[in-house]
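To begin, one chain is listed below as structure tokens, in the form predicted alone.
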Amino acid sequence: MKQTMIDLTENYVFDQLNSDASGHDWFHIDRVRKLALHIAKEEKRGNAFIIEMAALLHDIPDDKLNDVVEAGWDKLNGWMQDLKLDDASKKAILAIIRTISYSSGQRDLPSIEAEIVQDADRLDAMGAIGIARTFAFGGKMGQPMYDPGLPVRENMTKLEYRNGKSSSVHHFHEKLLRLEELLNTSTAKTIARERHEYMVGYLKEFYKEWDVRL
């Protein structure tokens, strides 16, 4: 029964996000799912079904992907109702999805399952994939690739984070380079080390080429 729910949810999320061009497409979801299950296996903690379902569904209500915030949550709740998920599983999955986003600013997560899914989602924002997703999202939002005249924003509200003036390269300093220190599990921290260093090296080369230092 649980595998059937996972299979149906996989198809549902694929249909919802397959055409996304902002870096939040089906392939992002699938990577987060695989990373989360790997972390859970290595850590030997967490309910695998809750982890996989939350990873699959975590971007359905994302305000970046819905014209109206409530519409995204309606889609998520409607889908879980269609699946006839038991109340305990539904509550656990919703608690994860409500709390794991970077923009929520929430540090105290409700469960080990939430910590694992959050780690997986943050790992996919790092390294080579993270770089590609950053520029894809910036282009989708109409942001410049880089504007050296803009300041790096600190201590932003969620509204400022979403709508303030920035660039794709600024996003590294405002979020991506901070992620390694915000991870929850030892497994994720080990994976993050190489991805963090890759981003540091990329920025070093980017600034060199931007300034035409030959």
Ligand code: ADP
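Nothing here was measured: the structure is a model prediction, and the numbers come from that model. Throughout, we count residues from 1 along the sequence that is shown.
Below: the form predicted together with this ligand, not depicted.
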Residue among E180, D30, E43, D62 with a heavy atom within 4.5 Å of this ligand in the predicted bound form | D62
Which of 66 to 74, 46 to 54, 166 to 174, 182 to 190 lies within 4.5 Å of this ligand in the predicted bound form, heavy atoms considered? The stretch 166 to 174
Would L85, K90 and S111 all count as contacting this ligand in the predicted bound form, using a 4.5 Å heavy atom cut-off?
-> no
Distance check, E115 to this ligand in the predicted bound form, heavy atom within 4.5 Å = no
Answer with yes or no whether H24 is in contact with this ligand in the predicted bound form, where contact means some heavy atom within 4.5 Å.
-> yes
4.5 angstroms heavy atom contact with this ligand in the predicted bound form for A128 = no
Even though this ligand is not shown here, does W79 get within 4.5 Å of it in the predicted bound form, heavy atoms only?
-> no
